[in-house]
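One chain is shown next in structure tokens, namely the form predicted on its own.
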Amino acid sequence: MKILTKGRTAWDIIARVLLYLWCAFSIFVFLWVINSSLKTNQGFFSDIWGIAHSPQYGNYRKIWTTYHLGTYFINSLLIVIPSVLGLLAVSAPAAYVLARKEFPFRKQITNLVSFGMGIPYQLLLVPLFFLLFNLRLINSKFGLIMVYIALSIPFTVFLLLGYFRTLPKSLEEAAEIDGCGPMLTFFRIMLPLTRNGLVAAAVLNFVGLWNEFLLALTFISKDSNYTLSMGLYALQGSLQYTGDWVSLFAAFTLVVIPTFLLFILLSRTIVAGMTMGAVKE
């Protein structure tokens, strides 16, 4: 028993050391990119590891206006935020019904939804393209929003199932005694109690969709509808002619900042939501 305990302790220490090293490396790389984005190209190549003593905030102004990252940033917001809201609007009721209501084939439908997470969306690119083409939704923000919602439903429903299953059955029974119907019970009692789970699902989907590239590249070809990830790709491609690396670092920073701020502001809620869905009543 003591050997087992010592073994676990040793593995815990190794795991913690690896975790700390990974965190330190990630923070170092992030700070290095921010520092490099504040240099001139000449200053960057003359001293790659040096600190930017005269910050060049104009690099950010340049990518925002000259490289049109401002337009792509707004496009990403206009696509990702409605996608996340629509996704929660569809997935939360679906997860509630699958988790709390008894009806024929409930288990089979739940398994089918979970199975959807295992389908690589790369396999769906061709049929989705023809579907959007026939609906005249190619090069449309609305079309991309619909694709994002459809492909993210299995993961979000699966995530929220755990939260709804942890809620006590007595809450629904008390609501029924007080005269609440199924819809009122869901919106006024059960949904507010899963706030942490909804926030966790929203943040995880926001991060995934904010950084999504392949679907946007497939269904969007107009410059004016580019998302931030596509704009970053175009900027990286232009480097072979301009050699403007500091602008690329500034663009990297711009892409990361929204998700970074989200995690800082909502980290406690996300952790509370993740742990709440990990146990059953």
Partner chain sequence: MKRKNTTMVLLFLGPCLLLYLLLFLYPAVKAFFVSLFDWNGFTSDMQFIGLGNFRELFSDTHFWSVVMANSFGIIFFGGILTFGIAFFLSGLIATGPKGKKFMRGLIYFPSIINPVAVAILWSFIYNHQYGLLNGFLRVIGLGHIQPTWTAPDTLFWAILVALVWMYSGFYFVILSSALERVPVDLVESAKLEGASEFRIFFTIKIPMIWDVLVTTIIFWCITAVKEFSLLYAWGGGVDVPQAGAQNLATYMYMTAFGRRVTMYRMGYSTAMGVVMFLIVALFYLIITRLTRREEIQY
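Rigid core here is just the name for the largest C-alpha set that superposes within 1.5 Å across the two forms. Since this is a predicted model, take the numbers as computed values, not measurements. Residue numbers count along the first chain shown, from 1.
We do not show the form predicted together with the partner chain, though everything after this point is about it.
- The candidate site formed by Ile48, Pro120 and Tyr233 is fully in contact with the partner chain in the model of the complex, as each residue has a non-hydrogen atom within 4.5 angstroms of it.
- Taking a 4.5 Å heavy atom cutoff to the partner chain in the model of the complex, the contact residue among Leu77, Ala150, Leu85, Ile189 is Ala150.
- Contact with the partner chain in the model of the complex, defined as a heavy atom within 4.5 Å, holds for exactly one of Leu159, Met146, Val199, Ala175, namely Met146.
- Though the partner is left out of this view, Leu167 does not reach within 4.5 Å of the partner chain in the model of the complex, counting heavy atoms only.
- In the model of the complex, at least one heavy atom of Tyr226 sits within 4.5 Å of the partner chain.
- In the model of the complex, Tyr60 stays away from the partner chain, with no heavy atom inside 4.5 Å.
- Among heavy atoms of Phe249, some come within 4.5 Å of the partner chain in the model of the complex.
- In a rigid-core overlay of the protein, Thr65 has its C-alpha displaced by under 2 Å between the shown form and the other one.
- Once both forms are fitted on their rigid core, the CA atom of Ile27 lies 2 Å or more apart between the shown form and the other one.
- Put the two forms on the same core and the Cα of Ile257 is off by less than 2 Å between the shown form and the other one.
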